[in-house]
Every structure is written in C-alpha cells, then in structure tokens.
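In structure tokens, one chain follows: the form predicted on its own.
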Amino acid sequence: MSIWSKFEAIDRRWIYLLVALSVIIPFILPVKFPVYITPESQQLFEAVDSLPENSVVLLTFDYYPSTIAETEPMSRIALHHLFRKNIRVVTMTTVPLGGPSMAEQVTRELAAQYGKVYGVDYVNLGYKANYVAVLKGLGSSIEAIYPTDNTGTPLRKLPLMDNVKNYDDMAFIYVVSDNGIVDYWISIVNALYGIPVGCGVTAVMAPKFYAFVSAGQMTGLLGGMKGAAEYEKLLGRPARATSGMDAQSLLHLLIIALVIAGNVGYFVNLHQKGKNV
C-alpha cells in the first residue's frame, strides 16, 4: 500500500487531534504570525490616541455573551488604551443579557491594573430598555435616563458625573457591538450631535460599515478578532485577540494542507488504479 493510500484511509481521529493541537498550541507557545494594520483600525487608534488627557469617552458593551470571543478583546484593549492615556471612561450597554455584568467585570479588572478609582476615573451606567429613547435622551440629560449607575448609586454621588451631563461633555464614543445598534449610534448620535463615533464589530458585520468610515460618519472600525489584534499591535500590547488570530491562522494552514494532501492523494491513487487496469 502506497503512502497516499494510507493517507486516504487515515483514522479521522488523527485529524481531530491535529485540529485540537493547532488551536491549543498558540495559546501556550505564541506563534507570532504577522498582523497587518488596516487603515480603519489605524484611524480608530489615532482618533483615541489624539484625545487630551482627562477627556471623557463613552465606551459601550453592546454585545451578547455568544460573541464574547470577538468582542471582549476589543473592549479590553480599548480600556487599556483609555486608562493608559488617563482618559475618564463612562460605560453603558443596550444589551440586557450579560451586557451590564460584562461591563462591570472588565472595567473593574482593568481599573485595578491602572489604579483607577470608581466614580472618579470611570463609571458604569449599566442597561436601560428602549435603546432609541436612551440614545436620544443622553443628548439632553444623562441623569434623566440613568438616575443611578449599574449598582444603584445615584449619579450625583459620583464625582465624574458632576461634569458629564450629556454628549456635549464627551470627546468620543467607542462602540463595541455585535448587533444593529451601531446604525443608531451613527444615524442618531453622530448625525444629530456631531460627536465622533468609532466602532468595533464582529467580522460578519464589518463589511457593511466600511462605507460609513469612507463617508466620515464613523471614525475608524475594528472588524472581528483580527481588528482587535490590530489594535493590540498598535498599542504594543498583544493579548487575547493576537493569540486567537495565531490559533485561527494555524488552523487555516492545517486545513489548506489537508485539502491539498487529500486532493494529491486522490489523483495519485486514481492514476495508479488506472495503470493497474
């Protein structure tokens, strides 16, 4: 039996093992595949990097737990950038399922790393229903929409919110989302109030929003895990997205190699069978 015949008859469990190893290894031993920066990621990074110290940025956690592998790395690297630049952060979510708790967990974890104080350097507003009314209402009065923060503390007791009354007091809105709320941040908030909006979205959503960037309605865009990995590279802080892209790239190379080997084996075996007839 030739090597190609043996390959054709290989136990599929060996394939499963190779797939598992290609996913696990990059998280243990970094492969360090090159990460190429797209203009949209560069634009978002530069927009945030140019913000003055102590300015206020609204960071949204508009995603469900099902897309956390793509979206949470964006939230994390955005917070690293904002906290590193001593920019004050207000977070919120339009997603009731998991949004408030994910925002709470990520912000408090990263704030501890940078020595940020809750209520002074960052505030988590949490969730309110009817997102269209919420987005419009924040343009007039944040306190009217969110009388308290996510833990029930009145906003008047949080020093940061003394000087943040509506969109006029914010320098930038950083939206991380896996759903259609992005359209409303652009069509309502950016269009009506003129505040710049940058976004991180899932890979399947990204193609739709490149036109928004070209039109100047969106200030930069991260597309999926690759976009998050690009931002990590720009900030010089490789983390979950970079490891995830290494695993994804290695798996893709494995699949390509198996497809090529399978086709070569098929035609070699076909040729040999033809010769034996």
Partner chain sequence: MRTTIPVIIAFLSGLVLAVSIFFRPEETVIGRIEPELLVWVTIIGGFTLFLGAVSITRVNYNAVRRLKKGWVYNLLTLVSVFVMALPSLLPASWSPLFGDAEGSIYDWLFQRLDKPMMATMFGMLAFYIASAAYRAFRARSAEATILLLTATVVMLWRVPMGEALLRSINPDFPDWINTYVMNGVNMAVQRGIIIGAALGAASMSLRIILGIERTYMGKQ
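Everything numeric here is computed off the predicted structure, so don't read it as measured data. Residue numbers count along the first chain shown, from 1.
The form predicted together with its partner chain exists for this protein as well; it is not shown, and the discussion that follows is about that form.
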Report task. Among 124-132, 82-90, 111-119, 156-164, mark the stretch whose residues have heavy atoms within 4.5 Å of its partner chain in the predicted complex. Result -> 124-132
Query raised in the report: Is there a heavy atom of P65 no more than 4.5 Å from a heavy atom of its partner chain in the predicted complex?
Result: yes
Report task. Indicate whether L258 is a 4.5 Å heavy atom neighbour of its partner chain in the predicted complex. Result -> yes
Query - S101 within 4.5 Å of its partner chain in the predicted complex, heavy atoms - result: yes
Query raised in the report: Looking in the predicted complex, any heavy atom of S214 within 4.5 Å of its partner chain?
Result: yes
Report task. Work out which of M245, L59, M218, V56 lies within 4.5 Å of its partner chain in the predicted complex, going by heavy atoms. Result -> M245
Query raised in the report: From first to last in sequence, which residues of 195-213 have any non-hydrogen atom within 4.5 angstroms of its partner chain in the predicted complex?
Result: P207, K208, Y210, A211, F212
Query raised in the report: Which is it in the predicted complex for the CA atoms of H252 and V204, closer or farther than here, knowing they shift by 3 Å or more?
Result: closer
Requested in this report: Looking in the predicted complex, decide if the C-alpha atoms of L235 and I25 are closer or farther than in the form shown; they differ by 3 Å or more.
Outcome: farther
